[in-house]
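The chain below stands alone and is given in structure tokens; this is the form predicted alone.
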Amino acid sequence: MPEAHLHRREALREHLRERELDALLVTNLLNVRYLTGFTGSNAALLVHAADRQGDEQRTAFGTDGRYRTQSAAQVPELERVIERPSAEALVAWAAKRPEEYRRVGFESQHVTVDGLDSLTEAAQEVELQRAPGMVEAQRQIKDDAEIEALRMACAAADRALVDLLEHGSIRAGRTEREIARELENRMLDYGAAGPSFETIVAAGANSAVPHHRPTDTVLAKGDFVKLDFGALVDGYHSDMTRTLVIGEPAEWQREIYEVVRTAQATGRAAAVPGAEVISVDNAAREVITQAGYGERFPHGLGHGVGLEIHEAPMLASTGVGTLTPGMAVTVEPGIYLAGRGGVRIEDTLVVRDDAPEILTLSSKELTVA
């Protein structure tokens, strides 16, 4: 992915020039990883607006002595400042070149009050400017390398679920914790570095709790079983939810499942370039409201997914902005009947010009385990 990092830094420089900033100090570790590929626990990056691909003499990477060897391997193309604290060291490095670093933006949403004091002290004649959210805005639109990582993460999760179903692992008598543990282990078998988040397995009445944590609850005949899980591959997260039933489903289970399935398909179809995020949420929500379950759908329709499991854009009634090709989002409507059970169906998809590319491919038919 090294070539992708070069392109990402170049795209960031265009935004810096638009903001009339000489450079941006990047201190959020995920943003540093996005721009360089570095995976250590301490780093900062100073991206200069006037540099160009192949000529980045004024762009510098900072970390501490623990990562001297790792940073040389992962970020060999940039000037390295090996000193702790890294952000202050980079600002001090820039302060020695006042003719090139007059106005330096910094990620103010990630800097504490005390941290700003330290940066200001190191800056000397350099003018620090608040520049929140610049890299996060760029990260909303995934490049080919990111989408391939998401595909791999989704495939690992898909294959793990298929294995569980084929081996009869989701059955009466097993506990939520046992199934969650097996699901996570199978994702590891298929190339995941780990789960995207704590796996949700919710049986019976627990399935009506949107973010239930697995317990020793035993699955029983007639239970809904909601599984919300994902795999982590190359730092990128997948996210999917499927709801099954143990034994023959009751009529009320078939009813709410079909409503959610229709709402989910409607939401997917609405996720097109130029669509307001609030309108995508509304499209799916209207299906559930018309069926009489509007108050039983208490959360937003979905969210962006990438280096973070929850990132912009947010598909919700409070969301802002429009969808753009290359955005990766989830679509996950649900109905939750307290004390009885609930259904959520979720896919990760990529917004495309023609139709969304669905990355989570497991069946959304009501599966009887």
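Keep in mind that this is a model prediction, so the values were computed, not measured. Numbers for residues come from their place in the sequence shown, where the first is 1.
What follows is about the form predicted in complex with another copy of the chain, which we do not show.
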Would you please decide whether residue 113 lies within 4.5 angstroms of another copy of the chain in the model of the complex, comparing each non-hydrogen atom pair?
yes
Answer for residue 117 alone: is it within 4.5 Å of another copy of the chain in the model of the complex, judged on heavy atom distances?
yes
Residue 97 near another copy of the chain in the model of the complex, any heavy atom under 4.5 Å?
no
Partner proximity in the model of the complex: residue 106 to another copy of the chain, non-hydrogen atom cutoff 4.5 Å
yes
Which one, 299, 171, 254, 102, lies within 4.5 Å of another copy of the chain in the model of the complex by heavy atoms?
299
Quick one: from 189, 216, 166, 125, grab the residue that has a heavy atom within 4.5 Å of another copy of the chain in the model of the complex.
189
Report whether all of 67, 181 and 211 sit within 4.5 Å of another copy of the chain in the model of the complex, measuring from non-hydrogen atoms.
yes
With the partner removed from view, which of 258-266, 223-231, 67-75, 158-166 is the stretch that lies within 4.5 Å of another copy of the chain in the model of the complex, judged by heavy atom distances?
67-75
Contacts with another copy of the chain in the model of the complex, stretch 120-144 (heavy atom within 4.5 Å):
130, 132
